[in-house]
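Presented below, as structure tokens, is a lone chain in the form predicted alone.
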Amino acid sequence: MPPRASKRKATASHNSSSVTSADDSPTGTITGLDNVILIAPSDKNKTKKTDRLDTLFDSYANCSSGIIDPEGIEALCSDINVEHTDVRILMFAWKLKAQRQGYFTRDEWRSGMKALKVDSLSKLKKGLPELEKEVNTPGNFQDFYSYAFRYCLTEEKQKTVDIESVCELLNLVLGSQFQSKVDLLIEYLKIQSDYKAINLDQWMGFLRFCKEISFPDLENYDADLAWPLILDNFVDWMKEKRS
């Protein structure tokens, strides 16, 4: 972090006759107001808040890597009494805009915590319900849902997520809203053999299906529309299951 500028008290008068120039000063220095550095109270408060965030970050960061790793995240979860598999931790990662699954950088931590307006564990714990409300607004949930998939892309140039992980993720992010649909979709994904992994387009199709299609009759599902083929297959499986 850049060194903090010192605050010096201005002693010179606003009268220009009291300002000594470099030529007039015995030491050859300027003693006027131009070189006085003042720190506004708001800047000082921001600096203190950043210091608190950094201190908190350092208490969970790996000493050698300088970032919070999976072990540090588990310690954080323990301290705020939330399971590391809780969907709110994924929401927290979304708020931090964390780029790598299971890791938080200092910059991600600073920006995310500031966006949450928290700088302590107690405030973070109290702020989780508000974060949950924020995520579940229509304007944010689709972005969060997309982020949840991208967060699972742990390898460079990886484009798909394996079926087992997708099933766990579906239950985590959609289970509370669309449990009956999600349960059947997961059942189908586990028994089908055509797909070993799911891409982002298919993943986003699952959300659209849960939001738009009547269930369990599936009356408004039109296979001629732009649905991923895997959902056509799922609907066929559902109809066979019913009959």
Partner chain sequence: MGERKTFELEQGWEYMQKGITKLKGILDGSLEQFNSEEYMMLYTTIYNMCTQKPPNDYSQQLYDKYREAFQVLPSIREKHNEFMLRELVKRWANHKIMVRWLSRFFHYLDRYFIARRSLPPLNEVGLTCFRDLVYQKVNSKAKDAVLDVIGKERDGEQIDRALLKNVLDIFVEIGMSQMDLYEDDFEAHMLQGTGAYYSAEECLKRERERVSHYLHSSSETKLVEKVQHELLVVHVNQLLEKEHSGVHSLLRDDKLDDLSRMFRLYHKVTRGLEPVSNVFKQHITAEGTALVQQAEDAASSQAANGGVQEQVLIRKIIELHDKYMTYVTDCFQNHTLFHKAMKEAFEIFCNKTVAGSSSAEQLATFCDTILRKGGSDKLNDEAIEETLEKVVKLLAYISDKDLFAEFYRKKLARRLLFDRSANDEHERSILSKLKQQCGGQFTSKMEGMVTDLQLAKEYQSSFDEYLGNNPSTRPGIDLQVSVLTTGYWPSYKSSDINLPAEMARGVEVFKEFYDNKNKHRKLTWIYSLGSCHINAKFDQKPIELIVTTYQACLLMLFNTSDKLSYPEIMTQSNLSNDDLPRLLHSLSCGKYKILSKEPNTKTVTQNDSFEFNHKFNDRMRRIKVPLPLVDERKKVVEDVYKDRRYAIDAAIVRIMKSRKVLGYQQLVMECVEQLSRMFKPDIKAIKKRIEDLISQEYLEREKENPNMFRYLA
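Bear in mind that the values here come from a model prediction, so they are computed numbers and not experimental data. Numbering follows the first chain given and starts at 1.
We do not show the form predicted together with the partner chain, though everything after this point is about it.
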Next on the checklist: By the heavy atom within 4.5 Å rule, which residue out of 123, 97, 133, 159 makes contact with the partner chain in the model of the complex?
Outcome noted: 159
Checklist outcome for this item: Note: exactly one of 217, 183, 201, 58 sits with a heavy atom within 4.5 Å of the partner chain in the model of the complex, namely 201
Checklist entry - Counting only non-hydrogen atoms and a 4.5 angstroms cut-off, does residue 178 reach the partner chain in the model of the complex? => result no
Checklist entry - Looking in the model of the complex, any heavy atom of residue 240 within 4.5 Å of the partner chain? => result no
Next on the checklist: in the model of the complex, does residue 211 come within 4.5 Å of the partner chain, counting heavy atoms only?
Outcome noted: no
Item to check | Heavy atom of each of 74, 77 and 103 within 4.5 Å of the partner chain in the model of the complex | outcome: no
Item to check | Residues from 81-113 in contact with the partner chain (non-hydrogen atom within 4.5 Å) in the model of the complex | outcome: none
